[in-house]
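Taking the form predicted alone, here's one chain by itself in structure tokens.
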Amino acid sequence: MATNKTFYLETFGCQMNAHDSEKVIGTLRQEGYRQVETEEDAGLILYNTCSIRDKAEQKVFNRLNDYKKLHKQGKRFGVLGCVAQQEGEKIFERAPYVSLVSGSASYRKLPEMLTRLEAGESRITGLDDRQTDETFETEFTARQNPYRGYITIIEGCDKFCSYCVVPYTRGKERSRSSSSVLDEARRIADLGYTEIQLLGQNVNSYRDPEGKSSFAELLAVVGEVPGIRRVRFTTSHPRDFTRDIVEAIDRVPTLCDHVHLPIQSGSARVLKRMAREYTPEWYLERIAWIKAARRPISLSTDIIVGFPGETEDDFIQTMDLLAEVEYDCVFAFKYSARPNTPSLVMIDTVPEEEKGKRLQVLLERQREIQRANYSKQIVEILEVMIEGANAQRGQIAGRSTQNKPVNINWTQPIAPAPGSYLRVRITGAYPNSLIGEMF
């Protein structure tokens, strides 16, 4: 096999996938592989895939088709992640030049699978069923983000929302021990990182196998690691969002004042069809806890419009909830069916054109809300972590503790390094960002 011990890895999808790729890269390097920048330079070409978005699997097969000519040069292909778990061995049928198919629950077996690949095997699978108790932990994580260290504390999902493929591709919920999470947080701090983000499909569904820490307690102890200035977490599920999470944010200054809490719909009827297992009233009670905190906590959410059976009145209820909560950020999407999900058997009653109209109405209203929210911060002094620079606009870009983008007018010849902090006076606001100057 002509891998030449070089690899190219492209990642699709969410922060969980991006962090999985950091762990995959670290494992490959530990096995003697060297990462290269292009498919043409690699002996082994890997795609770490996501199946959340519409036509995700088609995008993967299109990418594989674009580069299948490289197979004739002795290069080998591997498909990792959610589409790999979803499609399984069908990938070999549609793309016979692929040699490795592995879901995320099987990444711990990568060294063994690489050995088999190097020995010349042409169809290697890592497709654990959803009942696995294993998590993917490695000390060889190759951290790619220069200013934020990610830690996965829980993998998988047991919620089975009717539209969501994650429980079938990521397996059941499996939490890491609080001791192992804390050890990794200390290692991240020792590497010079000052911001940590805890990750999970439902991060606040965390259950410590050691029985030492609740999710809120784990947040607090990670926030107390020497050298750490910011701790974020995503994504929370309303069913497991408890009041002590808000109390921890109030009590521990390093915990960022931002909560992402997906609602998906403001209609109780639609939420029931989605199998979300909460009502708008239940959700709004948790929003009330957050808004009652001593620290102003920024709120963001996910919303799906046009779910099968969603009526105009259901949509109006979503708009009413949007106005009541006044989120700082909303990720909104048109419903599209995902493979293997219960909603596939539901009749998609909302035409695509109507879905588009509803989405546009929602986004325009949210834009107004955000413009008003962001404008309230003009003249405030914020601590901003620098993430990069925009030389053409004469600005550096960063993020506040509330996860709001802040662009800072910058006239000095040397820009501050990513991961450094500035005190910034806010001088202006747009619907999606703040403008400021060094204070």
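The model shown is predicted, which means the values in this text are computed figures rather than measured ones. Start at 1 with the first residue shown and count on from there.
One more form of this protein, predicted in complex with a small molecule, exists but is not displayed; see below.
Colleague: At the 4.5 Å heavy atom threshold, is I290 in contact with the small molecule in the model of the complex?
Modeller: No, I290 sits far enough from the small molecule in the model of the complex that none of its heavy atoms falls within 4.5 Å.
Colleague: Since only the chain is shown here, I'm wondering whether Y283 would be in contact with the small molecule in the model of the complex (any heavy atom pair within 4.5 Å).
Modeller: Answer no; every heavy atom of Y283 is more than 4.5 Å from the small molecule in the model of the complex.
Colleague: With heavy atoms only and a cut-off of 4.5 Å, decide whether S300 touches the small molecule in the model of the complex.
Modeller: S300 lies outside the contact set for the small molecule.
Colleague: So, in the model of the complex, is R338 in contact with the small molecule at a 4.5 angstroms heavy atom limit?
Modeller: Although the small molecule is absent here, R338 would touch it in the model of the complex, with heavy atoms inside 4.5 Å.
Colleague: Tell me, which of F333, F92, F136, Y147 has a heavy atom within 4.5 angstroms of the small molecule in the model of the complex?
Modeller: For this set of options, the contacting one is F333.
Colleague: Only one of T141, Q264, S99, S178 gets a heavy atom within 4.5 Å of the small molecule in the model of the complex. Which one?
Modeller: Comparing distances to the small molecule in the model of the complex, the residue within 4.5 Å is Q264.
Colleague: Heavy atoms within 4.5 Å of the small molecule in the model of the complex: which stretch in 384-392, 35-43, 406-414, 51-59 meets that?
Modeller: Correct option: 51-59.
Colleague: Taking C329, Q370 and Q402 as a possible spot, do all three reach the small molecule in the model of the complex with a heavy atom inside 4.5 Å?
Modeller: Result no, not one residue of the spot touches the small molecule.
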